[in-house]
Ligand code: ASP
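The chain below stands alone and is given in structure tokens; this is the form predicted alone.
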């Protein structure tokens, strides 16, 4: 069946391109997913995740993250946390308990500090400058990674700083199981990125998994879940993207955006940057012309 990974956005390509080396030195699936997400969380040049993430309307960076083990269906999540260096590590650690799996705000921060997770002032100069200029843009990209290992075990992780200029305490879909992420090793895994409120209204991750459960492959399930939802809401949402990986190793992606980049990797091939072309409803491999024109993370 083989090792498979899929992740959202061009910003995940750097660490995804190193994942094959990590496989050779026996990193676990969880460690690889965490490493890809942490690489984005720690990079101040990416303004929708982690360090350098865009602030809320009071100038503070609030972060969300989630993780799910597809074998046990155990999950962990944190939301609206401040100054936690790597929220994905805190979220994945919460999968170990039968309760207290989703912690938010000060409670999550207290747990992180008590358990030795690193802290960091997350607002960078560039992000603060953007806040002070009050640039009006819906920046809301989430880094998402889904993986399947040689044993067929699957997992998914997500991390984001949420919507730019959001109300303090606002939580989007990313840390919400069934909306921002879901994974069942017997069926497949899904993760979402975009405007959280729209994604939550359709519970799009579990919806996509359920279509895979009915026999659709990852690509068919993404399309069925997204387009059925868009029809229900009269094609209102402007920014929803999904990635999926089914238990057979098929990958899928779908988006309302004109260009939605994502990365795929397996043990036989190097990491490849792919693009779902929303206007044409098809997937292509990114070429130099596309890379030259793309301005996003």
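Positions refer to the first chain, counted from 1. None of these values were measured; they are calculated from a predicted model.
Absent from the display: the form predicted together with aspartic acid. The rest refers to it.
(request) Using a 4.5 Å heavy atom cut-off, indicate which stretch of 173 to 181, 113 to 121, 205 to 213, 148 to 156 touches aspartic acid in the predicted complex. (result) Selected stretch: 173 to 181.
(request) Sort through 94, 187, 163, 226 and report the residue having a heavy atom within 4.5 Å of aspartic acid in the predicted complex. (result) Spelling it out, the residue with a heavy atom inside the cut-off is 163.
(message) Quick check on this chain: which one of 103, 195, 89, 80 has a heavy atom within 4.5 Å of aspartic acid in the predicted complex?
(response) Checking each option against aspartic acid in the predicted complex, the one that comes within 4.5 Å is 195.
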